[in-house]
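Take a look at this single chain in structure tokens; it is the form predicted alone.
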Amino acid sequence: MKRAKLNNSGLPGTAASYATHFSAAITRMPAHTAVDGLRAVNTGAVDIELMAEQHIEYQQALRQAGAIVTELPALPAYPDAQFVEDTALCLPNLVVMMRPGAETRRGEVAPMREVLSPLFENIADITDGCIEAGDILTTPFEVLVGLSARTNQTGADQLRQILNGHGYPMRILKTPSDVLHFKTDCSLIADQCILSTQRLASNGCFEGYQTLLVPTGEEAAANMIRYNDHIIMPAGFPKTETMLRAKGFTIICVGNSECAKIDGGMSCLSLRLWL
């Protein structure tokens, strides 16, 4: 996976890769207990009925983008369990089960392992430290891991050892102290292009990639997903949407007001796979 020379023009229309093109997705229905999900800042009460409606809208967006969606049942014992991405790093022919930094979330991993075991021959487990896949950005050239309150050096080092054994280069970076997850502030939107906030990109962590900056005031739009030929982004960020459409991207906007109250974004809500 030697990094290819990056060009200055490739946005939409780059060659399909495992980092942007998928065939399936796994989601989990929010439980009624999601109102008690972890949050860095209290931004108001969660409307669980609206959250369920937005979750269905999210699934519909995945299907529109070409996904075969598997919906898992709610896990009321784990209020954050709808954020399935944090439980596993899925790569072609390899899954690495995470070890969440929040101890209240560690019970989410075993049920997801049961789901993924029939689908993947190679499954590894993080057993030391902590790491959540919300801190992991996979590109066609490398795996980027941001250290944060939820991902520490020990967990990242173990992941690097696993990935090195399967031929995946990995680079460890630092997430800004006021940002929950690395991907809270960035997304891969084309094989060679990363959408980022200014506060994250300013440290030079995306050197070698084409970088688009989220317009000032719309930093919360930085977390989105590229799924095949579509970008699924949160609704309510018109400047970001206009910028991306002007670049030629096909956009699907999805309401995310309720998950955002408990620190959830577009990537958090699904595992994206090749089946």
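Keep in mind it's a predicted model, so treat the numbers as computed, not measured. Residue positions are given as counts along the sequence shown, with the first one as 1.
Not pictured, yet referred to below: the form predicted in complex with a small molecule.
Residue 180 belongs to the set of residues with a heavy atom inside 4.5 Å of the small molecule in the model of the complex. Within this chain, residue 262 lines the site of the small molecule in the model of the complex, having a heavy atom no more than 4.5 Å away. The shortest heavy atom separation between residue 268 and the small molecule in the model of the complex is within 4.5 Å. Of the heavy atoms in residue 38, some are within 4.5 Å of the small molecule in the model of the complex. Per the 4.5 Å heavy atom criterion, the small molecule in the model of the complex is contacted by stretch 84 to 92, the sole one of 120 to 128, 194 to 202, 84 to 92, 162 to 170.
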